[in-house]
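Starting off, we have a lone chain in the form predicted on its own, written out as structure tokens.
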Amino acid sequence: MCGIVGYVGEKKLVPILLEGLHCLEYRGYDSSGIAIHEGQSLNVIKAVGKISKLEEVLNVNGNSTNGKNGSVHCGIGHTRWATHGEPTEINAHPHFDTEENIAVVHNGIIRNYIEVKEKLIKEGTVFKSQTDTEVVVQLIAYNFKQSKSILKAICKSVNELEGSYALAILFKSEHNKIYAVRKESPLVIGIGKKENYLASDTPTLSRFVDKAARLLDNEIAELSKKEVVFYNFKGKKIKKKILRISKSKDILDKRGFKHYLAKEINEQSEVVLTLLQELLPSAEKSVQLDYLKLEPKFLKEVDRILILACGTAYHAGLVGKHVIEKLTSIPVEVQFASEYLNSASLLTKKSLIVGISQSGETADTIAAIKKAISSGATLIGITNRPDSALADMAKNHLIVSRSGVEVSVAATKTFTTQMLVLYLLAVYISETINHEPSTINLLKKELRQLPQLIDQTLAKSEFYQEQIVKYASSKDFVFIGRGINYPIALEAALKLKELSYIHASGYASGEMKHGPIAVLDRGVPVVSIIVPGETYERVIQNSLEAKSRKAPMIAVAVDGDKKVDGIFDTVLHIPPVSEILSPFLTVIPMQFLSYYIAEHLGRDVDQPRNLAKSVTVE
């Protein structure tokens, strides 16, 4: 979840490190720091809080970060999301060894850090922080004293560590080199002319270079300004494929919006159109997923589909379950990836796994997929990042959601494109096995109309704001829905908790009277998701049960629904839409509800407390 950046070359170092760290802010963090090589020494500067705090410290210490005659050109930077130890300056990265000969930044979790720490303490090592990362740098320092070889010390150390880690390492004795290490946490090397970079993701590197090499598990890179040399964990040189990377849109551009979150909510019609143009360019054509090379015989014999995901991606999976089962009649199960790790695997070679991860690096999801595919089942990966661990695992069975970079920690446009990919996958499977073609043709026509319907919904944002902020003082919310909109109730509750810190719960509306109704009173608004279709009357009835308990009543309903207008205190209207397609529209007022309440309360909308964008540790 942390962000790592590094540079070695001839340009001014500190501005590059800070620009890289700002690009990585979306990953979530609570402290930041840099380590720079000043020829005869390493200098570490760090601060708790926003990167602006680090910039303040750097401005105060400006002369000490420029070196002699501006000669500082090698350094690493880090944004930390606390796992071991509170967010303090001592626990912030980079970390020194005892003698300040080595500086390390780290993304990941060292699972055996207690055992390694105890061993090093017995050898006389004194620790300052509460982090697992300090164990890494102290272990490398210990092994370096034994071997007198940097590469041997790194190799010996990483082979003693258990867990996941991306490391960037500076040695005082090598004033123009950075060492990078990867095991189960992302790290990418940027290749330039007389300069080289490293970062946790490709979009950050694309600001500086157009060539990159992705470190894979158990690989090491030695960066100097002239070259990058790659090794495996045995210290043997290896060759790496150098990739061309395209310059990303400026991920720090808010396009006139107050927050990245508002920008990204409003980009949903744009990203949906982009995905449809690629995978469903016309309602008269088949979904363009033939590159998956899933044989019709295999798809006809699939015994079950298992969707593995976490958080918002899990909710997209629940929507996908409804659509896939309706269109294909194949049983679908959706599991939290973290829970699947502890469950019995009932998959066969006839099973299909769908792994969903916005970043493609979600640790729980990657671990669960590894367990699932050991059964011989076939994996389809859905991610927004084609250069990710999930992409590597899925290989040719990968669907990229084409959302563009999402800076805000709370997922909005990536949720919408994950849902759309699952709809298109359902249509593709159905078309391949010739299942109910008339239903499929109608759905494809409706899908092609989605960008316009989403635009019409987004145009109501000011109306939503006016209706929503009067509920900002509530301490609890309840969201209810049925069928395909039950997952939207879950997603709405999650978004409100993430952004506003207000407690919220999502329920299948029929479950209200089985316990949750007890919490209702005048201070607990109930938000009902009601669209015409087979669940309509039941949700109305469940809402009336809540209304009789004096709860303030809010509905998400289609324009012109006079029955709903007569029951609810507040109605957030959406354009008329079929029930099967409704989640794409019902989620939008829910996103605005969370956003406007959080903004009204003065919350940090783009970087909510305690949260990280990419959960790369278990």
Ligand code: M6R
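Just so it is clear, the model here is predicted, and its values are computed rather than measured. Heads up: residue numbers just count along the shown sequence, starting at 1.
One more form of this protein exists, namely the form predicted together with the named molecule; it is left out here, but the text below deals with it.
The stretch in contact with the named molecule in the model of the complex, judged by heavy atoms within 4.5 Å, is 402-410, chosen from 402-410, 514-522, 367-375, 140-148.
Only one of Asp132, Glu184, Glu195, Glu498 lies close to the named molecule in the model of the complex, with a heavy atom inside 4.5 Å, and it is Glu498. Exactly one listed residue, out of Leu275, Cys310, Ile440, Leu347, brings a non-hydrogen atom to within 4.5 Å of the named molecule in the model of the complex: Cys310. Remark: Ser359 counts among the residues lining the named molecule in the model of the complex, judged by a heavy atom distance of 4.5 Å or less. Of the heavy atoms in Leu494, some are within 4.5 Å of the named molecule in the model of the complex. Although the partner is absent here, Asn542 is not a contact residue: none of its heavy atoms lies within 4.5 angstroms of the named molecule in the model of the complex.
Using a 4.5 angstroms threshold between heavy atoms, Thr204 stays clear of the named molecule in the model of the complex.
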